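Before any questions on how it binds or moves, here is one chain, the form predicted alone, in structure tokens.
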Amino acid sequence: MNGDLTPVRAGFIPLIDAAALIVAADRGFAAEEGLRLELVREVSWANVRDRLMLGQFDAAHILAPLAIAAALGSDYTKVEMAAPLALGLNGNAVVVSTGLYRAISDAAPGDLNDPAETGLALSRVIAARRKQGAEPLVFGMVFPFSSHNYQLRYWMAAAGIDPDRDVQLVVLPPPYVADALAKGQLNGFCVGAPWASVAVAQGVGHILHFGVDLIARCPEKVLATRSNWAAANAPTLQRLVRACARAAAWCAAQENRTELAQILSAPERLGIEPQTIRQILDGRLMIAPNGETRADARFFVLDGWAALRPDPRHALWLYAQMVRWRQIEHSPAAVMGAAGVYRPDLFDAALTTRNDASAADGIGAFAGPLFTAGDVAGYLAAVARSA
């Protein structure tokens, strides 16, 4: 029977938002769709990108802005990409060291749950350190083309902090950030689940903000393929999208979360304790080493087609952040190229039932101008005026 299955090889990084892909392979949804889905765990986004571009992977769990950067040639090699499926929304957290958390707390007379308040407090900490002649604070993020990078920058810029001058931003693979914080190599970071929880459990960090505090519907990872592979393997891709969508629906069901945590905890998958994974799935995370917890059902969203169907507004918002932070030049051709990576048509070819309800602008940022996908230039001009 196995010989009758169509082989598909996909790369992934050990993160909660690889759940749909992992469950599609490990719980038989892919096999039921006639696929032999082989998953390859990677440690860095650069590895996933390279192996997808070179054809060593047919598909991959990948950062949405990285897929866009590849399609635009703004990373290092231009390869047309297609994202027929989003792998959920949100899931990031901003973590700071114990020392920086104390400093921010002392400098923030208001609500520490308010990113506007903590951003202003961070700006005060930075100013005080500058007067003392201290080295800039170092924040980690997982890749330059990532929502983690953009969320950190968005938060800081809203408080008047220049993330390219006032702090140092460095790139680290997700599984390494907690260790770097423990060794004092970082003062903070933005990372996807479960690695923020790992840092808190180790007693070396505090979750200052859930990513959803900053961006209500943050586009994260997508299932991506090379466009030429998608065109040449349309029936296979439809089956892969269906398998992942069915797996996502299974993952989202409350009654499956204990089993899901066990599946994801396997050494060849995420390789961390099921209890930590279960807490993340429930949106109830320990945010401080003293055991303090915080709950938000929107922490990671993997239910309903609105979280799975690729929304071109998300691609354009990510593109706008690339332009804002001088990673790419703005042009009408680039706008079209970025939007073209997200392929709701491929999603719709595989699945007919969907719910497209979402935030008014598809994003829901905590500060700054409303994003208008039909007027990226106007949005960028408004951002520049507010800086």
Partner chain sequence: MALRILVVDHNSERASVVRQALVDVGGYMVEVAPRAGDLLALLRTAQPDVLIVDLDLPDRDTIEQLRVATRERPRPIVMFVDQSDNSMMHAAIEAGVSAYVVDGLSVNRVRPVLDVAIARFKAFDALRRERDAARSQLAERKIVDRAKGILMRAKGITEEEAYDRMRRTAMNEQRKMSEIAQSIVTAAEMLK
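Numbering follows the first chain given and starts at 1. Here the structure is a predicted model, which is why all the values come from computation and not from measurement.
Not pictured, yet referred to below: the form predicted in complex with its partner chain.
A.B. asks: Using a 4.5 Å heavy atom cut-off, are Gly110, Arg129 and Asp162 all in contact with its partner chain in the predicted complex?
C.D. replies: No: none of Gly110, Arg129 and Asp162 comes within 4.5 Å of its partner chain in the predicted complex.
A.B. asks: If contact means a heavy atom within 4.5 Å, which one of 283 to 291, 237 to 245, 179 to 187, 267 to 275 is the stretch that engages its partner chain in the predicted complex?
C.D. replies: Contact-bearing stretch, as computed: 179 to 187.
A.B. asks: Just give me the single entry in Ala315, Val142, Ala86, Ala199 that has a non-hydrogen atom within 4.5 angstroms of its partner chain in the predicted complex.
C.D. replies: For this set of options, the contacting one is Val142.
A.B. asks: Out of Arg324, Arg36, Arg27, Arg51, which one falls within 4.5 Å of its partner chain in the predicted complex, going by heavy atoms?
C.D. replies: That would be Arg51.
A.B. asks: Taking 4.5 angstroms as the cut-off for heavy atoms, does Gln168 touch its partner chain in the predicted complex?
C.D. replies: Residue-level check for Gln168: yes, a contact with its partner chain.
A.B. asks: Contact between Val138 and its partner chain in the predicted complex at 4.5 Å, heavy atoms?
C.D. replies: Yes, Val138 lies within 4.5 Å of its partner chain in the predicted complex.
A.B. asks: Residue-level contact is defined here as any heavy atom of the residue lying within 4.5 Å of its partner chain in the predicted complex; does Leu172 satisfy this criterion?
C.D. replies: Heavy-atom contact with its partner chain at 4.5 Å: present for Leu172.
A.B. asks: So, in the predicted complex, is Phe347 in contact with its partner chain at a 4.5 angstroms heavy atom limit?
C.D. replies: Result no; Phe347 lies far from its partner chain in the predicted complex.
A.B. asks: Any residue of 40 to 58 with a heavy atom within 4.5 Å of its partner chain in the predicted complex counts; write them all down in order.
C.D. replies: Val43, Ser44, Trp45, Ala46, Asn47, Arg49, Asp50, Arg51, Leu54, Gln56, in sequence order.
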